[in-house]
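Next up: a single chain in structure tokens, the form predicted on its own.
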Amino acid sequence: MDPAQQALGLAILVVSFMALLLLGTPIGFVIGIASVLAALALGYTDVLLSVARDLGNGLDNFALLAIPFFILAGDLMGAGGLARRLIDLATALIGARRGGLGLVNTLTCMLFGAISGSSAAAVSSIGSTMIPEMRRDGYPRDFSISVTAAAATTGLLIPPSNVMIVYAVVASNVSVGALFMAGVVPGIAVGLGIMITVLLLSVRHGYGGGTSTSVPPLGRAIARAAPSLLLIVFVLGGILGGVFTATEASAVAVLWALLLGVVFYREIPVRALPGIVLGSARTTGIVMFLVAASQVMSRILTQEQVPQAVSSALLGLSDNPIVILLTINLILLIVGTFMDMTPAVLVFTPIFLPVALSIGLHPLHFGILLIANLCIGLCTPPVGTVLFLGCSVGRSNVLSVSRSLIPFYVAMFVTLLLITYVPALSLWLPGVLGLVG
């Protein structure tokens, strides 16, 4: 192909992508439209036919079946009274002390995220209860929202996580079960970093004295929350034990969440089930369209050898892996402020994974690095979905909450550097379980 035509096509891809994104076009349409325009400029024959074929091929993967099931399981858990039980458990474990409710908020978001796999669900379910509770105990409103928003992102690292499934599909030859295990220690590390920040700020500023916090008996709190926590045991234990695949585990998660919400906790009336299923279907449709559309762009990038060009450019900057990884992190941090996590994973995994492999990174390690990096973007303006949702739940504005989030940004960035430069954080547990060589 003529180099000038290739350069024009790729320029149209980038410019149209950014322009549509800035215009507020839904990201799935951004990816699809930009890809079609680039394909036309590059002179591809039968563009519409090839786009239709790529859309179909993008969804032709058995592992993707886990996504709608995990989404539905998370929605059922969110509607099934899980939040209050996890809050009681975290309060019983941590107790009433200086900064105690902030720690309870963080731990509850970690537990809820681990069960539901959704940061948005964690913010709305946990935040609607914990933010008012923290306000009554003397915490500033913006601080309370910041704790909730930052802690909610840990659920995307602690399995099960839909975005991990997306990465595994895009990266190819990556085990979903191994990736789930790789995220456990980094997810806990991010949560601990947030907890340390909460404790330091609470002690320094005198936030929360515990005077308005009633601590439930530990035994009763464990008994009430244990059935929900068993979901993690079923999903991860079943996968590791070879009882079922990650896709089959997602169906088990739906069944258990349904039994808990309708039969055991009795918080979900049967008449509410169609509405919950419809909401899950809408979310699934959005995610699946993103996956399908990204396949169109991925083929264009591959045919035009963009990943190889990016790899050569980054390796040309330096032969030092530390510098290359820092550069990738900085690029992804910028990307994360403008793009939601799932499309960012779909677009940038094919570009940066070859670079990571060329400097010796394990694909599991890179996947966790990528997700941990983009988690920060969920709490940053101008497109941070968790940030905006937290502001809506807590009734504050983005600017003031963003200022309050600065210490948490620092904590999350420090943890990101640890995840980046200490591969054992991601690879130790999969290695112990025999999931990696």
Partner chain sequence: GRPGSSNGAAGARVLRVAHALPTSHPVHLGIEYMARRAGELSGGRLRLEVFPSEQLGTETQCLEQAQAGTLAITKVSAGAIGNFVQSYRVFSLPYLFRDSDHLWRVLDGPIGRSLLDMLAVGNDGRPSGLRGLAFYDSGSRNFYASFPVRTPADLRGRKVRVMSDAVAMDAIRAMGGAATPIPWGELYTSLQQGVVDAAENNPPTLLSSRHYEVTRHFSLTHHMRIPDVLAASARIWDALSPEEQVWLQQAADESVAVQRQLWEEGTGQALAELRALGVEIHEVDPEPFRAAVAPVVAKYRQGVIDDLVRQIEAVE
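What you see is a predicted model; the values in this text were computed from it and never measured. Positions refer to the first chain, counted from 1.
This protein has a second form, the form predicted together with its partner chain, left out of what is shown; the following refers to that one.
Taking Leu42, Ala411, Leu387, Leu370 one by one, only a single residue has any non-hydrogen atom within 4.5 Å of its partner chain in the predicted complex, and it is Leu42.
Only one of the listed residues (Gly316, Gly206, Gly219, Gly242) places a non-hydrogen atom within 4.5 angstroms of its partner chain in the predicted complex, and that residue is Gly242. Residue contact with its partner chain in the predicted complex: Arg85 places no heavy atom within 4.5 Å of it.
Of the heavy atoms in Ala7, none are within 4.5 Å of its partner chain in the predicted complex.
Within this chain, Asn397 is remote from the site of its partner chain in the predicted complex, having no heavy atom within 4.5 Å. In the predicted complex, its partner chain sits beyond 4.5 Å of every heavy atom of His365.
The stretch in contact with its partner chain in the predicted complex, judged by heavy atoms within 4.5 Å, is 234 to 242, chosen from 151 to 159, 234 to 242, 183 to 191, 115 to 123. The candidate spot formed by Thr129, Glu133 and Leu353 is out of contact with its partner chain in the predicted complex: none of the three has a heavy atom within 4.5 Å.
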